[in-house]
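Next up: a single chain in structure tokens, the form predicted on its own.
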Amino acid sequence: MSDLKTALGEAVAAAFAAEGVPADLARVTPSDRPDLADFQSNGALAAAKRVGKNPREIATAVAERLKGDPRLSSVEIAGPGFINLKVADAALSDRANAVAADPRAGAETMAVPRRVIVDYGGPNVAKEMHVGHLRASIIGESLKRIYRFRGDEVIGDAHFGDWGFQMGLLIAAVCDTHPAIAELVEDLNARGEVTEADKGRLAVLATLGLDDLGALYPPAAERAKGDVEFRNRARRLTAELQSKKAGYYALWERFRDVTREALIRDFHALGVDFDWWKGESDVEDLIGPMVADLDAKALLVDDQGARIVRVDRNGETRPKKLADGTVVEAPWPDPLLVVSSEGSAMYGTTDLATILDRRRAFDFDLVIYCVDQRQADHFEIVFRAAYLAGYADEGQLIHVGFGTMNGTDGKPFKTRAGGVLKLNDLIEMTREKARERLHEQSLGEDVSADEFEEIASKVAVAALKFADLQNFRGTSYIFDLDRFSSFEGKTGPYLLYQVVRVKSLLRRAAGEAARPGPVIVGESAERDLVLALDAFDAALADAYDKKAPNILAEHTYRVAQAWSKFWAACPILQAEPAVCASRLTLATATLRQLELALDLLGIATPDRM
């Protein structure tokens, strides 16, 4: 079921070909002047250069061929050779009925589905999530849903940071500040195992909460920068943990368990979930054999006691985009450090082993890493090493980077005291603002307290997510809670309000026994709404190809705007029966598409406000 843009594009291409003009130039796009036309084709201008004809002559000949198409009410030539197309009301009616009858609201699926893994979230064990994790969670969740909806088989993986140097730092800090825990850990290390008799003694580990770990880590990380002895000790502890020394491993298990509880809480509050809750530790058993494999392939090089993989070959360069958009040839980044001089696996080592694990477990066609843009060089190194080792095929590993969420001062979002804001605190702060907004608008006054809280939570998540997703992921943006929580303008709450408005209309229609019927387009606002609905598949395909949920977010906002205009201009329940039935079908199709699109953005909708 092609959308109008695709169908008209095929018709224009056929007309171009019939005139001896390359059909690939016959691109149809939504009109820049919707007051003059619905679609346009500027291909005659490019074709003129290729075939040596006047562009207006080409456009006129093509237009003559198109004028007999019953889907078009007019075909006009403008300027030097622009072809303006206006769709007939009957064709719009047919398209509206097709969209209304389609459970997918007009969206197509991939001809050849792929096996895809989306790596997002990426929180570290022993640290509560903060606002820096927000964009990875929001963008990654949307990409997972978009790819799945398009027909791919998709796995979402949280990929915890739970096995690297930060664990050694935290073990050192805990043992230095908690004598009873240090004594237990050393005893278990000495005996080399945890027995049933130790179960009671392990209760001392339960005294460690996530707040304790969060308070211990920053000073330990800071100390390691200047204290060489402490840094080396943390590296040694990391290596001993990775060899599963009994005491350190038992302490690490407490780190993991207490963190998991908080992570599930915060992810759930954001409407984010994963198919795999894997961490770096899940590939620990693969690292030894992988290192041996890299060695056998002559990829490992000894370097000052460490072992590395050089990802460049004979001084080759790589294309690199600068901040101003210029692309230059640049040297490759540093090599991949696989084994440290202390014998521990490094951050890149576990990333490489994770690729190997994913290949064996899922045999992927594509892995999308939704991670901060500042990690671009790291992933370029890891991906190149994976390609050299044969763990993935060239192009199967893609880093989808993103900018930062900034405060109104233009700097990364902080607390008023200047600290990093915990994600849970941001969520609660947004919930409180949602409650305030609902009261200001006199919304939710006739529902129970529990339902009001559910509505407020959905409004808060919509505010957070749409504020992020309306921006292209590669850019940074200013987070303004007052603006993004408003029920007016380009915001998540505005979109929810339009959905609730449609649901309220359909409930009233059902109460009055008014039923939907065939769509008959006649009014301008009806035309605009159908054209907006028709664009869903194109927006979805574009968001998929560019890995850019903002394209779908923009489409969703346009549909909501078109619905609002339609609501104001076209009486529904008061109209005569055939018109009422037609407009109820349009309302039903709008609701389905809005809810589908919002769900793909990770936004749940309430039934009422």
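The term rigid core refers to the maximal set of C-alpha atoms that superpose within 1.5 Å between the two forms. Keep in mind that this is a model prediction, so the values were computed, not measured. All residue numbers refer to positions in the sequence shown, first residue = 1.
Quick note: we don't show the form predicted in complex with the RNA, though the next part is all about it.
Of the heavy atoms in G517, none are within 4.5 Å of the RNA in the model of the complex. Within this chain, D282 is remote from the site of the RNA in the model of the complex, having no heavy atom within 4.5 Å. Although the partner is absent from this view, G192 stays clear of the RNA in the model of the complex, with no non-hydrogen atom inside 4.5 angstroms. Among residues of the shown chain, I308 is one whose heavy atoms approach the RNA to within 4.5 Å in the model of the complex. Comparing 338-346, 143-151, 86-94, 199-207 against the RNA in the model of the complex, the single stretch with non-hydrogen atoms within 4.5 angstroms of it is 338-346.
Screening L66, L36, A581, A541 for any heavy atom within 4.5 Å of the RNA in the model of the complex leaves a single hit, L36. Among P179, G226, G522, G410, the residue placing a heavy atom within 4.5 Å of the RNA in the model of the complex is G410.
Contact residues in stretch 374-402 (any heavy atom within 4.5 Å of the RNA, taken in the model of the complex) are R374, Q375, D377. After superposition on the rigid core, the Cα atom of K225 is displaced by 2 Å or more between the shown form and the other one.
Superposed on the core, the two forms barely differ at A98: its CA moves less than 2 Å between the shown form and the other one.
In this overlay on the rigid core, R515 has a C-alpha that sits less than 2 Å away from its partner position between the shown form and the other one.
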